[in-house]
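Below, in structure tokens: the form predicted on its own, a single chain.
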């Protein structure tokens, strides 16, 4: 055996060596001669020698207190990314109590560290969530509790943030823990917290300036404790039509009050239709309304009047040379107009016509006339949703169930780009009817649903161009909104 340096050795080939038959045996023989950290590098049949190379060179780096906490490892030449698991197993077997925390075959290095059991579990959970190997993730303690993470280069916020949040709340910590990521620097922090909740009452922010096309509705659930999340608002320039669903007592009317009150504060014209209940929930708004429909007949008149107003605006828009209502000169631009239709399902679903009764019987005549009015309302609503979004006309509908079986066509629902579903435990069928993509919309957390005070006016929302979430709607009475109307 001839020494060629501390990391490379040359050995005489055994007598009778046949490369076609003894390749694997030669590798085992090299390890027997030199030790488990050595590997066969090449064979020179002419000279009758084999060259072996030590697979790792370990350098201990002393910590400040003098204890070895980290070891840097030089990998053997030719080490490939696919060798990572094998290298990790060998290094951790050779150095009990140490864990491979980095592996970079391109730079020919790896790293070992003493990782506490808790950190090792966090690292494994994060790696599984991100679809990478544990040594691609770094973990250290965070001052104040929780953990700091080093993320892999494959991390993508849009793909992985929800998975990291699930790890934070379900594996590492509990409900209320959350993740703050720093994508440009591939860093993140897992931060402890209490389960998120809402105050018993969320007063409407009358002190805030009102925006013409952005109407405040409430706040979304924060990530931890009583901290409120961002404000939830209807952007009626991006989503001119909205659907508010919810059962009796869920807060549907309170949400409509916030939308109507915000519109009046911002200088909108508002038309309200509530034929089935005679407008009792909105009576305080009547003096400020552009139009008011508290019966089926009046509802039909109001909806048709709003459509005719929209047609008039089309002509004015064409005459001005502008492409959209927003582009018209302020002096020639009419205020935005909102049509609010409560109990939408009851207003448009046809009534049964008595069978076996003469066609001229008062019962048949009355049912036919009411169904004609309902058909006129539905036709006008469909045209408003399709045709008038670019002339400053918005439609807000409210219902308990929004399905074709209860009278609301799919096209009308699809034209309503903003969706609110009030209530704590809606069924799957209710979610499918009220939301476009229910699988992406979170549910109201169980701990919040069980809190009688905090859960009042709580539901979920789905807005185009914004993440869905859980919200609590602002509280104020119609009289409060009227006092601040413009």
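Positions refer to the first chain, counted from 1. If you're wondering where the values come from, they're calculated on a predicted model, not measured in any experiment.
Quick note: we don't show the form predicted together with a small molecule, though the next part is all about it.
In the predicted complex, the small molecule sits beyond 4.5 Å of every heavy atom of residue 240. At the 4.5 Å threshold, heavy atoms of residue 99 stay clear of the small molecule in the predicted complex, well away from it.
Not displayed here, the small molecule is approached by residue 254 to within 4.5 Å at the level of heavy atoms in the predicted complex. Not displayed here, the small molecule is kept clear of residue 438 by more than 4.5 Å at the level of heavy atoms in the predicted complex. A heavy atom within 4.5 Å of the small molecule in the predicted complex is found for exactly one of 224, 94, 415, 247: 247.
Though the small molecule is absent from this view, in the predicted complex it lies within 4.5 Å of a heavy atom of just one residue from 111, 343, 294, 136, which is 343.
Proximity to the small molecule in the predicted complex holds for all of 400, 457 and 473, with the criterion being a heavy atom within 4.5 Å.
Of the candidate stretches 28-36, 45-53, 449-457, 424-432, only 449-457 has residues whose heavy atoms lie within 4.5 Å of the small molecule in the predicted complex.
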